[in-house]
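Just one chain is shown here, as structure tokens, and it is the form predicted alone.
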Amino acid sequence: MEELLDQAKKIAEEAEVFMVSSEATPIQFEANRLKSIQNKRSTSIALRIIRQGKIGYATTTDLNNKQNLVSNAMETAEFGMPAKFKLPSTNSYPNIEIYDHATASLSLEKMIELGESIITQVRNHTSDIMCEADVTKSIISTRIINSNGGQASYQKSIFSLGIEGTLIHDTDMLFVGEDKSSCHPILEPNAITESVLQQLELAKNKASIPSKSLPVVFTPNGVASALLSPLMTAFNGKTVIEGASPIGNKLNQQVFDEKLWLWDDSTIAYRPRSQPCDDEGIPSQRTPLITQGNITSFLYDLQTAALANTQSTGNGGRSGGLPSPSPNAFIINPNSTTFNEMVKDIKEGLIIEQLMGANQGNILGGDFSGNVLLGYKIENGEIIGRIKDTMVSGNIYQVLKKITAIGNENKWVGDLLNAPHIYCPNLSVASK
């Protein structure tokens, strides 16, 4: 990396080298049985330069051809966008625990046992369900150096465990599932299987629901499937500076219910999206986005921050190309209402566990609509059964502007969201 940086400095005002190596072991189960065990290794290196005030970029997996990488970056700089930023000189970062040797050393036998055990527990409850499961461990090493003296390196372990089940009775198809991820190995999967068993119990009876506006309780999974994508798009600094975010001009203004608090956080110990710095070498931080319903910040990388005349929030992420604003982990602050209290408060309404196709509408405008893949009818304060052939639609700015209650317990959904239940007074419901 140092040799590559030295070569790049000869032809550019500034240069940055980013290298990431990963080793992943995914184990997959299909139709209730072990399907595959793989071991995947990859290393890639990316060079970003500022040459004559413009950004050049190149990436490769061939670590022996440094000159070609420099030449490619130099060629792209001729047509690159003007660079509005300076590469950081930072080399001091917060100490965030994100590596557990127990994850790296976990045996294949134990991983297979974990996958088999969650399938067995679910099938002991419902024998004719067809299950798919995934058990994966990964070790990721990242290093960044630049021509201004900035440098960072860290190693992260990630473990994920999940199951999806499909139950088919004639023309009726029921989909259930749960997953968890951590930097630690997940050796006690009971929380996963208990969640799936609860879904199966609640779905035993069927219920019908009228087509009208009804109160809705979003579970944490429901929040992720319906509300997360529009929120992340709205707070993206690139969307803001392009003028496409509905809240881009509402900084320090109240847009949502005062009960709503939201922040982005990459400093939580042993979470897969945490790290000491972002992919540009900016120290990680917790960034408040919504405080008592007020917009308090947006997510920026170096380039978008410079264009917005502000500072990077440590959200420069890479997905095979130039860095761009990327969320780390969205955290919604819990409140004081229990899930049972929410249910008891509703005379007629529904619980949304999972929406399908919710993000195919006007995400930029905050719209969502989709089929309720998994949801339940509430009647006179009780959950009476699963609903079918039902669609819901709404707009996050209307749904979250007036919130009846926010739950008192948070749950991680994947690695991107930590959320409680959210109880909204009405949502448009259409059923066959």
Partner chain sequence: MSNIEFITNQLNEAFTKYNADYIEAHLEESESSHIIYRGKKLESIGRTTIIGGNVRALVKGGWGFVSFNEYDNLTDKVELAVKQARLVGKTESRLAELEPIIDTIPANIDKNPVTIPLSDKKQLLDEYNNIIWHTPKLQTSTIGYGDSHKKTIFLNSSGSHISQERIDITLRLAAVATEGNEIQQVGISLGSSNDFDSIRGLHPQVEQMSQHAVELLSSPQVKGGEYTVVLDPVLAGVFVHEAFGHLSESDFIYENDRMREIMVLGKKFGSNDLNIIDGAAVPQLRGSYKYDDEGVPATKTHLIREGKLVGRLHSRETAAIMNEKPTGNARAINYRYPPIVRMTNTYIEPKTTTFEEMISDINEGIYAKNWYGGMTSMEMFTFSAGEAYMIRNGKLAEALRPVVLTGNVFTTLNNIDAIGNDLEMNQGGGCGKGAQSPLPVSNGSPHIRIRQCLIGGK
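Positions refer to the first chain, counted from 1. If you're wondering where the values come from, they're calculated on a predicted model, not measured in any experiment.
The same protein also has a form predicted in complex with its partner chain, omitted here; what follows describes it.
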| item | value |
| --- | --- |
| All of 52, 188 and 272 within 4.5 Å of its partner chain in the predicted complex, heavy atom check | no |
| Contact of residue 238 with its partner chain in the predicted complex (heavy atom, 4.5 Å) | yes |
| Interface membership of residue 365, its partner chain in the predicted complex, 4.5 Å heavy atom rule | yes |
| Its partner chain contact in the predicted complex: residue 72, any heavy atom under 4.5 Å | yes |
| Distance check, residue 426 to its partner chain in the predicted complex, heavy atom within 4.5 Å | no |
| Single option in 101, 169, 204, 347 placed near its partner chain in the predicted complex, where near means a heavy atom within 4.5 Å | 169 |
| Candidate stretches 275-283, 251-259, 327-335, 124-132 - the one whose heavy atoms come within 4.5 Å of its partner chain in the predicted complex | 124-132 |
| Interface residues of 78-109 toward its partner chain, as seen in the predicted complex [heavy atoms, 4.5 Å] | 79, 80, 81, 108, 109 |
